[in-house]
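Only one chain comes next, encoded as structure tokens, the form predicted on its own.
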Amino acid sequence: MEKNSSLKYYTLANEHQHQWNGDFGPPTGDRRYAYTRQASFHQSHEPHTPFSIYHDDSSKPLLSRSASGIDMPAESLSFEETEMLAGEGKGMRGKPSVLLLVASLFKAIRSGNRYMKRLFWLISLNVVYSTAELAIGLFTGRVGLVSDAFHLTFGCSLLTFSLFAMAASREKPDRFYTYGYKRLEVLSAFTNALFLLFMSFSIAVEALHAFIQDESEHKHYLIVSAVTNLAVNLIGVWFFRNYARINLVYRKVEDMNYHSVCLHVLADSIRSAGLILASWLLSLGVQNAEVLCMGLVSATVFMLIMPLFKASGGILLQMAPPSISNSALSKCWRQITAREEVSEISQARFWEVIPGHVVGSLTIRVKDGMNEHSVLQIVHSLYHDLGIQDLTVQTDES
């Protein structure tokens, strides 16, 4: 067992009041949080889990967090340090240069993996195709081509956001985003899934509209656009063919983003194939062919995207990790409660920051006069075996 320091916070009540400089802190009568450096213990092997021990006889806090942010005591900062922090905050609030952002994105693409480069070429190909389709639609007065061009343009914007998430997730954690930027890829996957669900709904409405109206008004000039669009999307499916499946185990956060890109182009391919099939069946004289094909496409896209929607939404909502069963967590709870040193366990929370990275926190009330270090050891061992990488344990005396 090795001892180190970790930064944790505790609630500062009225009986622990400190004198703060008026330029830095709120009135002393307010209830606030104070950050203090306390002893914690972790295992020597990796990955480790820090455990913080909270006592009432804490040392004077170094930082204080109020409703407006994090304030610092007057004696802990000099005037020069205060001016430096103020200037740094102003710099962070400044508007970043668009050219600098684009240049950094291209630099990340050049140094990125093959999937980033493939996605860049896929976006470029879609932009060229949608621009050409929009121009033809405007010059010929074909509203269907213009509508399809805007659909492709919106899809390209979502793929661009996926590419941006891939590049930004490579940045290291900083003092503003302490978990890093990898959760951008989860947000990108959720955005793609939400768009595809909306597309499924719109296709169902289109099928209902075709059922109400006469199918003889079917616009056959859209078939050329559908064939071209199908060819472009099949290239994207080939680029991300390793992720072309419905249920996928996300071992890394990149897998979720790549899977969303693959499902995006795959759903567009199914939509184009449905239009082609409906046109061919109509030419053979099949009644309600467009209704059947569009309804089938809508149901297929919905079933294709729902697992990704649930997985990405569950992570963003910080649901209990699906990789750890409730029975396993309950078993750990019972084993800890059964120890004679422990009187109560409360506020046990476990969630996934990104796929494969499970964190948790809980509060343990230890009986007076008992050794809490042995409790921390057994708690770490139990939850680490379940796959929880980061676990924060607060101990209180009963």
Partner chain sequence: MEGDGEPVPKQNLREIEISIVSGAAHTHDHDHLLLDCCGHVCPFSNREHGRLESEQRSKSVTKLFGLMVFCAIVMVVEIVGGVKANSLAILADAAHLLTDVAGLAISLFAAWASGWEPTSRYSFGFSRLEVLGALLSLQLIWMISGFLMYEAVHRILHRAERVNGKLMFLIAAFGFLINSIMVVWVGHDHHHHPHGSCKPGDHHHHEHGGQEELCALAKGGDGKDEDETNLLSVSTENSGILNINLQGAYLHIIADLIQSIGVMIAGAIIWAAPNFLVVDLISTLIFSVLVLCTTIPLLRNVLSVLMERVPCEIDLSRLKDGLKRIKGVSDIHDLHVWSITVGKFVMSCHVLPEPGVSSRELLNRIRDYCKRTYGIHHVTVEIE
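Numbering follows the first chain given and starts at 1. Not measured: the values here are computed from a predicted model.
Here the subject shifts to the form predicted together with its partner chain, a form of this protein not shown in this document.
Using a 4.5 angstroms threshold between heavy atoms, L376 counts as touching its partner chain in the predicted bound form. In the predicted bound form, Q335 stays away from its partner chain, with no heavy atom inside 4.5 Å. Among residues of the shown chain, S124 is not one whose heavy atoms approach its partner chain to within 4.5 Å in the predicted bound form. Though the partner is left out of this view, Q347 does reach within 4.5 Å of its partner chain in the predicted bound form, counting heavy atoms only.
Contact with its partner chain in the predicted bound form, defined as any heavy atom within 4.5 Å, is confined among 250 to 258, 322 to 330, 270 to 278, 284 to 292 to 322 to 330. The partner is absent here; in the predicted bound form, the one residue of L184, A167, A210, L159 having a heavy atom within 4.5 Å of its partner chain is L184. Taking its partner chain as positioned in the predicted bound form, the residues of 190 to 204 that bring a heavy atom within 4.5 Å of it are, in sequence order, F190, T191, L194, F195, F198.
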